[in-house]
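Starting off, we have a lone chain in the form predicted alone, written out as structure tokens.
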């Protein structure tokens, strides 16, 4: 379990996160949802260890990791722009994640991962020869090859659309299930959050507005902000959102 206790963060005396308290269970997918500037990316970076919190505690499996370095936490992230190396082909990018790793995939496990993500036909391609969905799968493979204890995804679908987006959504859910991998997603899109996640964390101005299942968010929004943010963003009635949720979680 990952637990945040009274996590606070300021930038230039502006409160970005204010006494965040949160528990994320092993193996579940949690989406952090909120408008631009709400604090969701800051929270993701604190969990990753990229930036320090000002006060509070971050615990993983009961151990305080607040001052543990990003490298030693054993978490890993797929960035919004994928951060692939253009001088390496797809396979080189995937294998790069295993450099200097003591707990990464064996060769057999890596081959199985490549097949699971249907990347074998693309291994020799340069990065500029890959589609957006293929780049996303290469980035996922590179990250998963390090056997992260927690997988962090920063706007994983923002550069995708249509069938490719739906395919990657399915892949992310399958990865979490296959590896029992706790997965934390930052998104600004309510539809993505509601259809991909076991629980949704809605953040507004550094505060938790609601933390619950998609069904709870849809049927019992905690406050007017949650209701208006969800409905305004999707521009459809709540019942239709629920039907979408049911379809995607069937």
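From a predicted model like this one, the values you see are computed outputs, not experimental measurements. Numbering follows the first chain given and starts at 1.
Just so you know, the form predicted in complex with a small molecule exists too; it's not on screen, but the next bit is about it.
Although the small molecule is omitted here, in the model of the complex none of 176, 179 and 198 has a heavy atom within 4.5 Å of it.
Only one listed stretch (190-198, 35-43, 66-74, 213-221) carries heavy atoms within 4.5 Å of the small molecule in the model of the complex, and that stretch is 35-43. With a 4.5 Å cutoff on heavy atoms, residue 232 does not count as touching the small molecule in the model of the complex; it lies far away. By the criterion of a heavy atom within 4.5 Å, residue 25 is excluded from the residues contacting the small molecule in the model of the complex. Contact annotation: residue 226 falls outside 4.5 Å of the small molecule in the model of the complex, judged by heavy atom distances. Looking at residue 20, you'd find every heavy atom of it more than 4.5 angstroms from the small molecule in the model of the complex.
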